[in-house]
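One chain follows as structure tokens, the form predicted alone.
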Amino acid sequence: MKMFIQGQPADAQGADTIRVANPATGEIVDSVPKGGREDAKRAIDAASDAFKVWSEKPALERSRTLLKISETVRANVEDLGRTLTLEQGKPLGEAKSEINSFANTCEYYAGLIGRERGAQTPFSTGEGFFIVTKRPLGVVGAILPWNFPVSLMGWKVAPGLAAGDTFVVKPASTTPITDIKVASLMVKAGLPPGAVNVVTGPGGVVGEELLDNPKIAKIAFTGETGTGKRIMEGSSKSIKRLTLELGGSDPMIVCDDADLALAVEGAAWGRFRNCGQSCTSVKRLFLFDSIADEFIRAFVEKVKTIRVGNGLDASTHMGPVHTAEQRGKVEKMVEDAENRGAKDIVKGGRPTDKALQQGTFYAPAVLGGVDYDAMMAKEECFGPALPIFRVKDLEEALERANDTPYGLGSSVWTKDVEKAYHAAERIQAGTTWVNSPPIARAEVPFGGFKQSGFGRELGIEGLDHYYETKSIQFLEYGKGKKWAFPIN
């Protein structure tokens, strides 16, 4: 598979390649060029040239193009979904859902183009008026993660294209193939060549060019908080605009009046979807003492039904951890919690099934009695292991929920609207779901508090981050003072 620059498959200047492996089997899916700075520069130049064309397209034409992109991607959902499962590992149903999510996001922003409303505002002195307009930023560098490489590409390119911006996409080296295919389909759907380019290669090389190149106006990044901090530092050299969606340690609070059956399903979905590898997975579960035993009994039965296996197998509920390195991080966190006295409510670990030995599988783990100083209580656990904490009431739950440097997502489960609103107001997180697992929707702004990043993706707010705001002031002739210098 080649890179995608100026509407065409492209080789890198160097001959080195990156092999993309299937985490379920260890088999090589394909290889992509190991791009370098010169390759990134070619893509940036192509995006810069395309910006002159795309940014001047009428709003209606941009809207129609995004709708056609959505239609074209949906028509290829089977191929794209299979490719995504092969390189990322998630079950095929989840992969198809992610492809459709990309299409949904394009449709949403197609509907927003040209719908903005401005205002003419008089000066307070009565001498004239001003108007505020929005202009596209220019070329955007989109740096993508491996956990949701397609849907999160859509979160960036859809609002950016709607605003009139163009893109250089740097996918994760372990999941570049589906993104390349999607970019190719976008051009087939009518997007001008060069408006979206995909450059594969190490983040320390391709990513650094995106940070250093003066033609890049903005960086949109999803990934680890540590990497986000390095991007902030690097982008400061040329004062680039930034949107950072970083790590999270999302709390889920189950109150004593919650619908427990619903909450059990929500906890299982929220923790083990995509093998727990989501920024907004349920990562810390807080149960009121009075319902904890009942909840745990039902939750254990639910978790034991989760079938781990190859994502292409229709019976699979949860695929592998994406890489051996990532599995090792999960194992380290579980071991740390156990060493601090945690008990295995559901024993996780590497499956013994011979058919799964070549993959990076890890069975769901549920732990009780976890120390609040344990790694999985303090840091982000990006995998299928869930710590459970007992609390006496909502105030204790809120205090514990906020005891983290992160603030991305959260959820509270209760039938009491007043209690739900109180919790949502107090939880320090960008989103609080009430009686729902963490589900992102195109029309709802998404982003974090504290070290979970800043800026917002999705919603009208997400579109605003791809515009520059310009003020135009009109002074009416014959009004106001006569201008002269020196000032008297």
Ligand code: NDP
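All of these numbers come straight from a predicted model, not from anything done at the bench. Residue numbers here begin at 1 and follow the sequence given.
Separately, the form predicted in complex with the named molecule exists; it is not shown, and the next lines address it.
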_in the model of the complex, the one of Asp371, Glu331, Glu208, Glu338 near the named molecule [non-hydrogen atom within 4.5 angstroms]_ = Glu208
*Phe167, Tyr362, Phe382, Phe272: which sits within 4.5 Å of the named molecule in the model of the complex by any heavy atom?*
Phe382
*asked:* Given a 4.5 Å cut-off on heavy atoms, tell me which of 345 to 353, 88 to 96, 313 to 321, 244 to 252 is the interface stretch with the named molecule in the model of the complex.
replied: 244 to 252
*Heavy atom to heavy atom, is Thr414 within 4.5 Å of the named molecule in the model of the complex?*
no
*Evaluate Thr72 for contact with the named molecule in the model of the complex, applying a 4.5 angstroms cut-off between non-hydrogen atoms, and reply yes or no.*
no
*Might Thr178 be said to contact the named molecule in the model of the complex, defining contact as any heavy atom within 4.5 Å?*
no
*asked:* If we define contact as a non-hydrogen atom of the residue within 4.5 angstroms of the partner, is Phe102 a contact of the named molecule in the model of the complex?
replied: no
*Within 198 to 232, the residues that have a heavy atom no more than 4.5 Å from the named molecule in the model of the complex*: Gly201, Pro202, Gly203, Gly204, Gly207, Glu208, Leu211, Phe221, Thr222, Gly223, Glu224, Thr227, Arg230, Ile231
